[in-house]
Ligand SMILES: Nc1ncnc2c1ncn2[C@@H]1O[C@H](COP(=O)(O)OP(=O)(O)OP(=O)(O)O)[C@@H](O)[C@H]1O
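Next up: just one chain, as structure tokens, the form predicted on its own.
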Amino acid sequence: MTNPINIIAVGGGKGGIGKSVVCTNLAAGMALSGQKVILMDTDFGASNLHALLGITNPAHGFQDFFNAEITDPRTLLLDTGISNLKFVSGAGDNPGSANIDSEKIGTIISFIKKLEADTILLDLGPGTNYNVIDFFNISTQGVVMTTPEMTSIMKTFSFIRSALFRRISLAFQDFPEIQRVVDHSNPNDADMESYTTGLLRSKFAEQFPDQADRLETLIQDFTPGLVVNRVRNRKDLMAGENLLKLVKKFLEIEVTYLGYIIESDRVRDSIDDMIPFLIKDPQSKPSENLQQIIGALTNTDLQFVKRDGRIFVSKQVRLSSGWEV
């Protein structure tokens, strides 16, 4: 029996916060540490992930998946020039490429789950539409990103809430009365009073007591991780802590603070050079930040060193406290 694929989805609600840059570097780091990794651009209609890998004109993209010419979906897997890392481009900039219907989204999700890899990283588009949220909810590890600005913090909170309520909505899709309580996609038909999980629990206890335990399990099992990008000072670091408190207060779920990445010219230079910053300068401060995030996601301690144009990786698996001697 093969091990299940680890699917890591990186989302955040707001555009321009660095999801694609971080996702690309996470994929590169995991691949260099020995995992077989597939990086996917699911920002249909505005795909740009290929440029961060130095790929100017991807030979194939997700829109080809629905053309008769593609008989083997594995054709979409492109070489990146990085060992162990394959890439699937987004739909491109053609008119209508962003308007992928739910049936096609389902086909893509099925394709993702059948791929052979240790880890698949999904770079999600901005916003909280169902196409984005449903990709996030197939992940085994969901990562939400924010920058320290209040607008980004609030968008990320909305993203986390939308993902949780969407997960609950799908779990109870055969219960119309429950749908009215948890599905807020159409405010005119929804019960907007159930905005927090505390109010939702009360509604279930009052109206659907036989489903209350199932609701509790769905809430408890929803445990995304948080990354704060473009940190400049200690005040910016507190933005992550404030978001965790906000989520704890209104949604009553546990979010793991995976780490942060500092604001740096090294990151901007790597984007201009179309080379992941972890590869361009693995001993820079942003690269050290990223290695800590990878460590938190993989339960390992990683150290990347570049000598004579080659990157060497030191990797140690963390043991649980019960195994310490």
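Keep in mind that what you see is a predicted model, and the values were worked out from it rather than measured. One-based numbering along the sequence shown.
FYI, the form predicted in complex with the named molecule isn't displayed, but the following is about it.
This chain is drawn without the named molecule; in the model of the complex, the residue among K285, R268, K36, K280 with a heavy atom within 4.5 Å of it is R268.
For the residues T298, Q291, S264, Q63, the 4.5 Å heavy atom test against the named molecule in the model of the complex is passed only by S264. Residues of just one listed stretch (101 to 109, 228 to 236, 246 to 254, 77 to 85) have heavy atoms within 4.5 Å of the named molecule in the model of the complex: 228 to 236. Contact check for L302: every heavy atom lies farther than 4.5 Å from the named molecule in the model of the complex. With a 4.5 Å cutoff on heavy atoms, P148 does not count as touching the named molecule in the model of the complex; it lies far away. Within this chain, G240 is remote from the site of the named molecule in the model of the complex, having no heavy atom within 4.5 Å. Under a 4.5 angstroms non-hydrogen atom cutoff, the named molecule in the model of the complex lacks P73 among its neighbouring residues.
Contact annotation for 4 to 33: residues with any non-hydrogen atom within 4.5 angstroms of the named molecule in the model of the complex are K14, G15, G16, I17, G18, K19, S20, V21, listed in sequence order.
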